[in-house]
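The data below hold one chain only, encoded as structure tokens and taken in the form predicted on its own.
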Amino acid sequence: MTIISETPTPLLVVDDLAVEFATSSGAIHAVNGISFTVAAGETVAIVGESGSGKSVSALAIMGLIPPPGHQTNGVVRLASQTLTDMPDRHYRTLRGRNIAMIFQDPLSSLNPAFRVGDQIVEAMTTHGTAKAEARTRAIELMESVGIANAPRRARDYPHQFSGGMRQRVMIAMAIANRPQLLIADEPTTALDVTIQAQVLDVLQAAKKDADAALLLITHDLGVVAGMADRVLVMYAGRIIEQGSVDEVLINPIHPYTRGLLAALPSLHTNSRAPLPTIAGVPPNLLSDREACALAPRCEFAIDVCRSSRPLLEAVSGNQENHQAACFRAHDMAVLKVDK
């Protein structure tokens, strides 16, 4: 298991990142001061409910926050380069070459008017690869991600591929220039279980082929358990628990993390009984209140939770291994709560 303290200079550093979206009702605080690192070759997963800030964080790292959103605070660094406030013309040279993203909806990410092979070729020629070399590598990439009869399929259009095959094309395109960092945003959304497993295997192989670090955004804790080295749990735009996969999934501390795990079906789940859920609804992000955002939904909340915001702190002797933002972290560590 990768330990971040063993890497003096992480590949990716996100420091106090904050993103807001201006609306007629006020500013939506989509991301509220998150900090984390990803080491070279490491897989870090970000999990949480829809609206927790996972995808916005990834778009901020890529410099692709859509209007009316904007980064209001924080610094993003990739290797020795500071990406924050970098001119867009310079940022474009990094996207696809040093850092690449696999979006959750490949059909809307691929251009329907161009052949699949041409789009993979363009991803390489944009960064200086000769066209003939790019065409050869495009076929090799399609074969490497499990697309049969690649020379013929390269001439097809996106609508001629199934959802799983389109996702494979997106992975091939993302690794075309062997980037240092791959970001995968819900790469198995809307795919059936069998295809999900195939796509995840392809993603693992692609990461290894490119010798890249992987930032995996997902709501599927089963995927996290099978792929990640470390996991960050987000809620209301903040990281509320982080640590190694074993620490967080086997010994969860934050009540929200425990709620997510309790909602997972297992072989012992009564098929006739409803799965447990986290009561209530996610908070309104129009207000950045000085209190624990989970308090209205938390059965373990006490008075201080409703008046102050807990900091992300160590729950054991090792500050860098397992942290949680909960006033009752030490109580929760010994409290027996059914999964």
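Start at 1 with the first residue shown and count on from there. In this text the structure is predicted, and so the values were computed from the model without any measurement.
There is another form of the same protein, the form predicted together with a small molecule; it is not shown, and what comes next is about it.
Between the options Ala40, Met62, Leu312, Leu285, the residue in contact with the small molecule in the model of the complex by a heavy atom within 4.5 angstroms is Leu285. Proximity of Arg115 to the small molecule in the model of the complex: non-hydrogen atoms within 4.5 Å are absent; the residue sits far from the partner. When contacts are judged by a 4.5 Å heavy atom cut-off, Gly51 counts as touching the small molecule in the model of the complex. Under a 4.5 angstroms non-hydrogen atom cutoff, the small molecule in the model of the complex has Glu186 among its neighbouring residues. By the criterion of a heavy atom within 4.5 Å, Ala30 is counted among the residues contacting the small molecule in the model of the complex.
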